[in-house]
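Just so you know, structure 1 and structure 2 below are the same protein chain in two forms, each on its own as structure tokens.
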Structure 1
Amino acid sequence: MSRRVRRNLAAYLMLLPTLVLLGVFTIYPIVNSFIISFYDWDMMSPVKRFVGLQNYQHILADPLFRRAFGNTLLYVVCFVPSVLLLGLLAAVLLNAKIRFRAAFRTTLFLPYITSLAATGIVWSWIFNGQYGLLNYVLSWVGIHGVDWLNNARYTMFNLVLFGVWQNVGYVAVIFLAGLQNISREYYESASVDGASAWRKFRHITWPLLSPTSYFLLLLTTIEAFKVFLQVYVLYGESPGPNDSGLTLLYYMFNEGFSDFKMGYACAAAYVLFLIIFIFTLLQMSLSRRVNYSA
């Protein structure tokens, strides 16, 4: 064999373990779940009954699915702007020359790497209607006895607040990396011309930060559509009062692992994938406005 063939063969042999793991734990489940979505299968029986597109038809006609889609869309609309705005604000503050800046960065990022099971217990205590921290703070201004977890009006507020608190540190760190890539020469030239801090942000920081903003917009939107653990750790097996916290991923989880309708759950997963794909394509139309020049 020639040297080039031997070199390629050695490279493929080194990649083989990773390719095997990728095929077994990623590619095979994706393909197999798509096939299962056309069957009626309870996950226990070895027999699968082919039903064609019935699972997809039933999902689109299910009012509970429409409720889950509406709740998920509301969460996306509330969560994405909130986490991006607060993350940008935190990044701008952390980019300034302040004392204990490294400690603030660590503290801000800590919720993102902390187990959701642990933080869920903390937030359940914060939202507790009888002895929760939030009601204790509100009592200082004369507001008493708000039942945060058992009132459907507050469900989405609870989930968005929990989600923003958990993810704002990650968003801030990415924004901070983008801010530190902007040359200081632009700001020095603007200062010579007498530009205010707001004009510097509007005409220098924001345009040059657009690639980072676009990346985070895509990422946070996809993550928001996949919201599940926040609902589960706060409300357990019931997605909030009157299904007020039912999301698309929770709907899929219930159908697959509570009702054991695995074919139906796989179909719901691919409907969710299609929804995320459509929203991603819509957001990609914004890429023409992204300024990639340094």
Structure 2
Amino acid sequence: MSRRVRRNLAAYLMLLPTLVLLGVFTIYPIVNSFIISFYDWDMMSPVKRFVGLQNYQHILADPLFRRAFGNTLLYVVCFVPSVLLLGLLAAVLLNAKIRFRAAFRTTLFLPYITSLAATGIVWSWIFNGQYGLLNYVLSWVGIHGVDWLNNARYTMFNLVLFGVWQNVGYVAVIFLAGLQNISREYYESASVDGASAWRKFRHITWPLLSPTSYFLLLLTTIEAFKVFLQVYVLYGESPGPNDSGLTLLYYMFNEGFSDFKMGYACAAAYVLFLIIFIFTLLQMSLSRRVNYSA
């Protein structure tokens, strides 16, 4: 064997396990899911009936799907700006010359690594109308509490608060990395010119941070569209009172694993993918305004 052939062989041998596993559990399912989405199939029966685009048509016509889409969109619209703003604030604070920065950073990051299953149990108690911590804290400022979990009006508030709590540290850490990449010199020359803190933020920090903000905007939006677990752990096995917490992924999960409509669920997964994809494209059209010069 020539040296070249041997090299190629060695490379492929080392790649083999990875390629086999990714092929079977990632690439094949991506294709297979798309194919199944054109069939009516309950997984048990040996016959798959080809129905063309019918699954997709039914999904788009299903009032429950519209409900799920509306709820998910509302979650995205409330969650993304809240977590980005609070995360940015935390990062700016952490970037000041302070003691215990590492300890603050680690603490803020803690919810991001603990499982939603455990923290969800704590939060469902926090939202308890009679004995919950939230109502107790509100009573300090004279607000009379409500039964947060059993009223459809507050479902989105609960989900967003829980979501922000979990993710704020992650956003802050990435913003902080972005902030620390900005050269001190800009601020020094601005100080010489007598610029205020706000003007420094507006004219130096904000534009130079835009690649980071843009990355986080894309990422948090994509993640927010896939909200599921928060609903599942806060509300048990129902998507909130009056389906007020029914999200796109919850919808897909129900169709697939409660009703075993596999074709339908695969179609729902692809609709979710398509929605995320469209929003990503929309946000990418923003990228012209991102400043990559720094």
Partner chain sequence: MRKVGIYLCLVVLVLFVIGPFIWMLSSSVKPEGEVLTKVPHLLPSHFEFRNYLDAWKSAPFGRYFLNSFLVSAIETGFDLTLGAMAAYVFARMDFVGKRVIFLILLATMMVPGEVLLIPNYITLTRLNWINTYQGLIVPWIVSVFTIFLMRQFFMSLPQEIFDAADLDGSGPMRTLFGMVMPLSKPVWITAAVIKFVGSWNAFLWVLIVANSPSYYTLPVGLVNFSSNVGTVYNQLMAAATFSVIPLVVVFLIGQRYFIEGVARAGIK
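Only the largest set of C-alpha atoms that superpose within 1.5 Å between the two forms is called the rigid core. Please note that residue numbering is based on structure 1, beginning with 1 at the start of its sequence. Just so it is clear, the model here is predicted, and its values are computed rather than measured.
Looking at both structures, it is structure 1 that matches the form predicted alone.
A displacement of 2 angstroms or greater separates the C-alpha positions of residue 12 between structure 1 and structure 2, with the rigid core held in common.
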